[in-house]
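This document starts with one chain, in the form predicted alone, laid out as structure tokens.
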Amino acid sequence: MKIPPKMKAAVLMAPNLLEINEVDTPLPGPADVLIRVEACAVCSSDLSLIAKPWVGQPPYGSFIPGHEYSGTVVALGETVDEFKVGDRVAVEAHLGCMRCRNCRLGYYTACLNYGKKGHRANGFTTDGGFAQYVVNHVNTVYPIPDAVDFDEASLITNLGCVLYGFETTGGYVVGDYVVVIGPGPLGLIAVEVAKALCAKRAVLVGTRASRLEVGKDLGADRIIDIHQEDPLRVVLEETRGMGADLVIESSGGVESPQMAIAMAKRMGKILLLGFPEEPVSADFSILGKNNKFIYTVRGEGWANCGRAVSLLASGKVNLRRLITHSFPLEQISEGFETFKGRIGGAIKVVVHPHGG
């Protein structure tokens, strides 16, 4: 494929200021592939890092964000034989340094050399997908079937993150009572995954009726609008006072961790997919007295993006339903505002670097 020497990219110039600039098209290293980006989704992490730099983030004027993307392989590094030019692919953001103890144990999303010694997190510490082309290490690339379109494939990291969370808690939820707090993208996907893994009942808790209805369409057995019902009372009533086997907190609300702690049964599990941006108050004595467990995850570890592709290809999870808006690269700022303000019921917003 013909690769232009220059490309268009959204460059972070200052806090909350993205500019569409013409920059050099990157070249793949020996173990890399060059991807023509077809779709890159906007994430709440993007909103956070463009407002205030994250650890390891490149300086203003030289950084291209975006970590949820898909596209076509257009060039190969000299050692790459796992892919061929023309392959349709999705990606995960994180490549560990492969030198620290965490990476050697498989915990590469929590690399101890974050941003150094070869570590990459595309869209965080290295350039990402709000550009026409991007370089990925071969270990972070996954082929996608023709039946999965590029927009849906751009959300593979979302599904991978949720699967990583389920695996971290043990992964076995057949017959379990699962509660999901927060009908954002990860919460809605968590409902789908819980049902795909044969949870006995998946309950979705939230404050937005429209989002809760989407959750119902995606398989939630029960939706609870906090404005209409007390979620804790409902869960305890449905479980005869015992509580949920697994509570997934994905809202990021300051009161939600305590709600999750209260909802979980003795020996129950709490998974934090979302997290507040400020300290929270929670009664940890409940954890100790009832032997409840809290788990957290960063990113989409343990190669769960590969599992995500398989699950998506099987039709057991529908990510297309979450994509509500799309914009060309030139209108990326409008896309960010749409996502941030939930304009028009926005759930996931996708940017197309090549138009369309």
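Because the structure is a prediction, the values reported are computed rather than measured. Residue numbers here begin at 1 and follow the sequence given.
Heads up, the form predicted together with another copy of the chain isn't pictured, but that's what we're talking about next.
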Heavy atoms within 4.5 Å of another copy of the chain in the predicted complex: which of the stretches 126-134, 228-236, 210-218, 113-121 has them? 113-121
How about R99: is it within 4.5 Å of another copy of the chain in the predicted complex, going by heavy atoms? yes
Can you tell me whether R320 touches another copy of the chain? I mean in the predicted complex, with a 4.5 angstroms heavy atom cut-off. no
Would you classify N304 as touching another copy of the chain in the predicted complex, given a 4.5 Å non-hydrogen atom cut-off? yes
Is it the case that G288, even though its partner is missing from this view, gets within 4.5 Å of another copy of the chain in the predicted complex, heavy atoms only? yes
Contact set, 259-283 vs another copy of the chain in the predicted complex - heavy atom within 4.5 angstroms: K265, R266, M267, L272, F275, P276, E277, P279, V280, S281, A282
